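A single chain, nothing else alongside it, follows as structure tokens in the form predicted on its own.
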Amino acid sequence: MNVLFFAALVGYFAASVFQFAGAAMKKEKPRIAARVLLLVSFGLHAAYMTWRGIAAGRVPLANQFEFASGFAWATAALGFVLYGRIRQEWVMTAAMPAAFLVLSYAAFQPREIKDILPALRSTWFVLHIGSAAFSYAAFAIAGGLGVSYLIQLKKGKNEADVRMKQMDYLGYRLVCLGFLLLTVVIFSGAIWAEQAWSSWWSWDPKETWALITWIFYAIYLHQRLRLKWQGKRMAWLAIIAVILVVFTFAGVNLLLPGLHSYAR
């Protein structure tokens, strides 16, 4: 299993390098190589997660390592879907590094397969954790698009350019998707918490920061829909929001122990 995991990690890194090289040189061959590498790495990653799930006898999303691996896989999957729909290279430029960075974080976590606690043995497990993985993936790519947008502005691109408008709009749509899934995460988590701990909400650090993240993205959507913010300001908001996502995902587990500490 470790061979599959590290092969996928190296593949994501190589795909990112080729993608950036192709974008910098404006050459198609490195970009094609990047897509092939990403596809192969994605397949290896999927094989790894399947093998681990079979070995564990459960969905492999029960601890920090497994969730990070699932988060990276969801990011790559979402990147592929988006690229297949709109065929724009900047989608892959945002998705590939995000998948690599998250899987790199996973590589530093303990990889032992352990039995899950009784609190995790619930029908809500897959919905809650799976929604979180794809929610974070959507937010990560939206943040990556925000970075790409600002870089293009630095290069002299006009915000009225069709490509820039596409990038801005896709970032907004990804935030909508992530926000919807994060809402599912919070509500399913509340129901699960009531069953496991007899409390809908306990202000556990993970719950609190998930709510803070949700509120920030609600502000993002309010600014977009009510105040008609677009372009540069929304790119900055998407980037700042990803910092909250990263803290909710990793920082809370490392710095703020609570009821969710079993997921380390």
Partner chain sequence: MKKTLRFIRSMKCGMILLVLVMLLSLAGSLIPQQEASMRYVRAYGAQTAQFLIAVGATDIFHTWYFYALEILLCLNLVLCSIVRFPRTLKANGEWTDRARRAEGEHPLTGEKREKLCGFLTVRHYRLEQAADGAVYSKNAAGFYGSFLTHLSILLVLLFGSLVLMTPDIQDLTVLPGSALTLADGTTVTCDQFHITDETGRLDYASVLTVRSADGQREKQQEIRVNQPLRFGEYKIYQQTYGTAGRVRITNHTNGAEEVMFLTDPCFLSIDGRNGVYYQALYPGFLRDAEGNYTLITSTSVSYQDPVYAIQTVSDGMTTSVLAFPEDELRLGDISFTFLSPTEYPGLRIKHVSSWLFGGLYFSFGLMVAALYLCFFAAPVYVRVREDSYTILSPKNQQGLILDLRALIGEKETDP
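Residue numbers count along the first chain shown, from 1. Note that this is a predicted model, so its numbers are computed, not measured.
The same protein has a further form, the form predicted in complex with its partner chain, not shown here; the description that follows concerns it.
Contact annotation: its partner chain lies within 4.5 Å of heavy atoms from the stretch 215-223 in the predicted complex, the single such stretch among 37-45, 24-32, 62-70, 215-223. Using a 4.5 angstroms limit between non-hydrogen atoms, residue 54 is distant from its partner chain in the predicted complex. Contact between residue 81 and its partner chain in the predicted complex is not found at the 4.5 Å heavy atom cutoff.
By the criterion of a heavy atom within 4.5 Å, residue 118 is counted among the residues contacting its partner chain in the predicted complex.
Among heavy atoms of residue 236, none comes within 4.5 Å of its partner chain in the predicted complex. Residue-level contacts in the predicted complex: of 152, 109, 166, 104, one residue has a heavy atom within 4.5 Å of its partner chain, and it is 166. Proximity to its partner chain in the predicted complex, defined as a heavy atom within 4.5 Å, holds among 191, 77, 113, 126 only for 191. If you take 178-195 and check each residue for a heavy atom within 4.5 Å of its partner chain in the predicted complex, you get 179, 180, 183, 184, 187, 190, 191, 192, 194, 195, in sequence order.
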